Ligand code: 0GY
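Before any questions on how it binds or moves, here is one chain, the form predicted on its own, in structure tokens.
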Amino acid sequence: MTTQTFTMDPDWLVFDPHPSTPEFVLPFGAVDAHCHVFGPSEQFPFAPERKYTPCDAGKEKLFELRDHLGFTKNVVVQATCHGSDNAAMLDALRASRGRARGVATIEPDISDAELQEMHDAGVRGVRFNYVKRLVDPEPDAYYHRIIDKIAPLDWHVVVYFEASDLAQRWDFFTSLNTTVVVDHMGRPDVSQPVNGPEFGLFLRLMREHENFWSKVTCPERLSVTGPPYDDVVPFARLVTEEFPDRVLWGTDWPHPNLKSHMPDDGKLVDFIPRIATTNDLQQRLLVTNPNRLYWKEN
């Protein structure tokens, strides 16, 4: 058997190997509800159709970070560099001893037996990615076929899109009757007003469709001004306070495709009380909501 060798993109920023210890003490049972694993590529090769080649960031490093930051559980989201080969993500779930759930990338022709195997490993959702620099989006009918496949398992859908894409995708998104989780608040342009029309459309989506949830994640990805991400606070705080039972938070480790800087994961945890300003909001964001969505059978 020949081992394939992968060379990391020359401008790739590698995750911080020594994050600080957060000052904010997470509540017991807190869930990092958005993170990834990459490879290791010798064991879990990257997809031929990928649009980036990352560093290796395997399950051992993820679990070390979980324990260092004070989380109890993880939700591992399938990374686009692995395409629809979910082997690395499933390996992490199985190694977690029940402390991780997964969000997969699947194709419509997947068998029911494969889906059941994923469910048994801990997968509870599928991700539809519309960010064109990462993937080539498919027609709506493609995603409807997947939704029909996962319906018997009561999985939810995660959607990743840019703010400017929401109007175009509105009819499809609002036709979905499953739980839908939006990644990173729909990637708002935080240089625009929080009460402006662009973010207003996302808020309308959340207000009018109670099956929609949002991850109030990735200030390092959304910020224009950089750390400590003051420009993201009004957006994430508004969503957290208006929809306290439909928000999730995660590190986004190992922070794929960042170009400006690599965040300190300890400082990202310290961002949480700036957007969830009470003990009750923190408990819902970090414990109650992710456990209700991902561990509801327990």
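Position 1 is the first residue in the sequence shown; the rest follow in order. Keep in mind the model is a prediction, meaning the values are calculated, not measured.
Although it is not shown, the form predicted together with the named molecule is what the next lines describe.
- Of the stretches 61 to 69, 252 to 260, 234 to 242, 265 to 273, only 252 to 260 has residues with a heavy atom within 4.5 Å of the named molecule in the predicted bound form.
- Among the residues N129, S223, T179, S96, the one placing a heavy atom within 4.5 Å of the named molecule in the predicted bound form is N129.
- This chain lacks the partner; the member of K149, H156, R187, R169 within 4.5 angstroms of the named molecule in the predicted bound form by a non-hydrogen atom is R187.
- Contact with the named molecule in the predicted bound form holds for all three of H36, Q78 and R133, each having a heavy atom within 4.5 Å.
- Of the heavy atoms in F44, none are within 4.5 Å of the named molecule in the predicted bound form.
- With a 4.5 Å cutoff on heavy atoms, Y160 counts as touching the named molecule in the predicted bound form.
- In the predicted bound form, no residue of 260 to 292 lies within 4.5 Å of the named molecule by any heavy atom.
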